[in-house]
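Before any questions on binding or motion, here is one chain by itself as structure tokens, the form predicted on its own.
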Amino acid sequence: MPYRTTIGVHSWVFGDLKDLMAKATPPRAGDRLAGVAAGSAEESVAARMALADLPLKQILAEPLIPYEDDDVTRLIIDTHDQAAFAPIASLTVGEFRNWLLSEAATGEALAGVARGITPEMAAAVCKLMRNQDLILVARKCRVVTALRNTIGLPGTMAVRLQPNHPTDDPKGVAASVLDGLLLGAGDACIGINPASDNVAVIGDLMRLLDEIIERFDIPTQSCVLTHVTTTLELIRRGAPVDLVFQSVAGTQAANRSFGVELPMLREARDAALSLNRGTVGRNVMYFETGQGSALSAGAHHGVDQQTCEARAYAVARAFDPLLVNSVVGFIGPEYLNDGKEIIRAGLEDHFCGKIMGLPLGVDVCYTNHAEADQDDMDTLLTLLAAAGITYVMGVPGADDVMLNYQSTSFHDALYVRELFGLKRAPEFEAWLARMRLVGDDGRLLDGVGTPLLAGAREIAA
């Protein structure tokens, strides 16, 4: 059904909810590329005014992608928690925004309604919010997960140690792991993006990380970010798998472009749980997402890219993940053109994930052909830290030599910790102290890491 609003003497008409939400989205390259963006600032304001008056119940009643055509839509509707939705069921999108910003929306209250918030509701209210609103609400949301340590506790921020190597050379990977550990990174996980899709090579990388973690008794988890079917095969072969990784998107067609179906993810989760490798918890899944993935696959169904991204969080939420990561600027300037668009998208993704109950991190990143630079990333990193980000990336020198993009470094994480007084996962912080890497205040010590260095030379050799 069409939606209308009048500003002065001009009436604006939006053909359906999909059109209304797309026109209400802040400007970005992907929506312009898809032909769904507002044609002017005035049209965008009109769309937001109409969206603000829309009841949340109407969003639930009007799927953007038909139920019969898309398994993500079916997942969203079939798993919607009506009891969790009840406290906000009478609100419009604008009233929902006001409630989220109010003192009534405590961390406990937000956790209580999280399973009642559909991705379309999260995306809709996000479109009405300024950056400061996204930061304030997300900061109130705490999502705690655990496998070999505990992530997401108040006053903490974790770091994924990302030791990628262009040829998957074990010595190069081990050297980067050591670099990160000496700088206090790695509590989210030690996670490699492999250059190869060879099962034997990936198995060797898994065993390398497992050896490092076991030898030094590090309370963290490892992950080789290969396709879920490869991980399943390696589990069958007895490989030491802590986390199952998969990139996911917000539509069935986009997930198929990744070679993924929802039953496949269920099988992989069950397989990982059967290994019983957790020591303090049982969250065994790691998902990555990114605005523009559905559009790049020609699988967006005319839905704006920010809403498609939020729908990916419904997929992730169904599998109780340890980590979810928006790789915000990685897909390229066709989707997020410049620093301003990347900053806005990073805050949007973090907000939507958190209010939906996900342990959301952000890879604060850009590609070298985007109109962005490291100063933009410093800004986004600082804003996300203020918003209570669950974790960020730790890449040697902030320059990934395998994926060829710019991210955040081990030193960037130290900056955030110093600025906001943030701790690491408690089990990992205690281990760093035992290794004489940090003091009681969590700061790095001079002449660090004698016990770690002694054994690391043997592995690196």
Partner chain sequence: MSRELSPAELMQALRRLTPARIGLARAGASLGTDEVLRFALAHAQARDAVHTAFDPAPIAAALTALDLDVIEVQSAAASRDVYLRRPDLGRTLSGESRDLLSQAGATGPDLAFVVADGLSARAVHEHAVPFIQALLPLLARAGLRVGPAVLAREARVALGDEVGALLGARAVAVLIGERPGLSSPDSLGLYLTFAPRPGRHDAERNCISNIRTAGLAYAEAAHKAAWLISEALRRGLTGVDLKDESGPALTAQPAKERIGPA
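Positions refer to the first chain, counted from 1. A quick note: this is a predicted structure, and the numbers were derived from the prediction, not measured.
The protein also exists as the form predicted together with the partner chain; that form is not presented, and the subsequent description refers to it.
Contact between residue 216 and the partner chain in the predicted bound form is not found at the 4.5 Å heavy atom cutoff.
The closest heavy atom approach of residue 131 to the partner chain in the predicted bound form falls outside 4.5 Å. Residue 411 belongs to the set of residues with a heavy atom inside 4.5 Å of the partner chain in the predicted bound form.
Of the heavy atoms in residue 404, some are within 4.5 Å of the partner chain in the predicted bound form.
Heavy atoms within 4.5 Å of the partner chain in the predicted bound form are found in exactly one of 147-155, 162-170, 349-357, 87-95, that being 162-170. This chain is displayed alone, yet in the predicted bound form one of 367, 79, 106, 279 has a heavy atom within 4.5 Å of the partner chain; that residue is 367. Note on contacts: among 248, 345, 381, 123, the single residue with a heavy atom within 4.5 Å of the partner chain in the predicted bound form is 248. Although the partner chain is omitted here, in the predicted bound form all of 258, 363 and 444 have a heavy atom within 4.5 Å of it. Looking at 276-294, the residues that come within 4.5 Å of the partner chain in the predicted bound form, counting any heavy atom, are 288, 289, 290, 293.
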